[in-house]
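The chain that follows stands alone, in the form predicted alone, written as structure tokens.
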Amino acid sequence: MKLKQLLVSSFILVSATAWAEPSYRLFVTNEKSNSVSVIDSRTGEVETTLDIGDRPRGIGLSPDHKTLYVALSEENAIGMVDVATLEMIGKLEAGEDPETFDVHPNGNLYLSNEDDAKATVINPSTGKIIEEIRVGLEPEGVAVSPDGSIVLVTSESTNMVHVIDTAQHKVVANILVAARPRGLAFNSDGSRAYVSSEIGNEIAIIDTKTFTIIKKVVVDVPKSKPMAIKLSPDDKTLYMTLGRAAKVVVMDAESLDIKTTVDVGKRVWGEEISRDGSRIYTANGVSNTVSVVDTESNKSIMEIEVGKGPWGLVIDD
């Protein structure tokens, strides 16, 4: 039976307005070594490795970038780390098998519970679960819209994207997509969302006003298994990891035409983009590395050794 975790200490508050000075740290969850690698993104040097808990996967930052959140799947918890001091500051109960999550502008966490077919909403300031929302089987990807009005959740076995209204905490639409949907991303104004489908080898664009698919394409890259998605700051370019293909595909975000591909590590999974869009970082689960991609040349310029089974990334810049 999985151990119940400590709730967040009462003094920890989430602020959506007061931002901390950037640490320029890149945080990487290492699923198989139960750790988080802390990398100086300016130099590519690993500063330290944090023992974080059992099976860390999803990772994110509070709106003020003062707190790092890590989904600890085998502990049914979200671990919290002070970004400045790198000290563990508590754990939140998070329901059965939390996998990925996204942070709402108000600081609440929306996360997928893979084994329970539900999405859970947590207020980290109080440590309380606000809501549990039924979704499809094996929920995975989670994305909060820029204005916080909706949350999208992919369900791998139901082959759907579920649209949750955050005012009601209810599913208001279900969108059928290709087999085994994984990653999600919104454009900057929230008018469009992108979803990747691993087995269907497809990427689709969703109109978030009508909740309909307005474009979809099969990814014409050998061994492609579409996973994580990031958009350039100007919304013109889409970067998507391709799993077993060991590549990032670079696409026109409007037409979904392939511009090029970038060779990275084996079983590339999670992905992050720098605030200025000049670098892409990928978690390479079999190579046990992070690739650093220069987006001007579309070349990998550095491979950084991390722990075993790197899964997710987030950057404080």
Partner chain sequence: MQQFKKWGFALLCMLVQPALAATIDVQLHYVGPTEGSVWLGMQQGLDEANLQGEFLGQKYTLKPVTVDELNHLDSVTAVLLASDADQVLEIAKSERFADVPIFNLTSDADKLRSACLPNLLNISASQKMKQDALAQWMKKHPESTAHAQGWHKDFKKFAASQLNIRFTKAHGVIMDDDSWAGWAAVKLLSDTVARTQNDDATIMLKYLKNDIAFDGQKGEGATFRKTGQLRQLVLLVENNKLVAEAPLRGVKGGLDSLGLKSCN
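Residue numbers count along the first chain shown, from 1. All of these numbers come straight from a predicted model, not from anything done at the bench.
What comes next is about the form predicted together with the partner chain, which is not displayed.
- Put simply, K225 is close to the partner chain in the model of the complex: some heavy atom of it is within 4.5 Å.
- Although the partner is absent from this view, V83 stays clear of the partner chain in the model of the complex, with no non-hydrogen atom inside 4.5 angstroms.
- For K209, a non-hydrogen atom is located within 4.5 Å of the partner chain in the model of the complex, even though that partner is not displayed.
- In the model of the complex, the partner chain lies farther than 4.5 Å from every heavy atom of K128.
- For the partner chain in the model of the complex, the listed stretch (86 to 94, 235 to 243, 131 to 139, 188 to 196) containing residues with heavy atoms inside 4.5 Å is 131 to 139.
- At a distance of at most 4.5 angstroms from the partner chain in the model of the complex, none of the three residues T261, I273 and M302 contributes a non-hydrogen atom.
- Of the residues A178, L231, A143, V121, just one reaches the partner chain in the model of the complex with a heavy atom at 4.5 Å or closer; this is A178.
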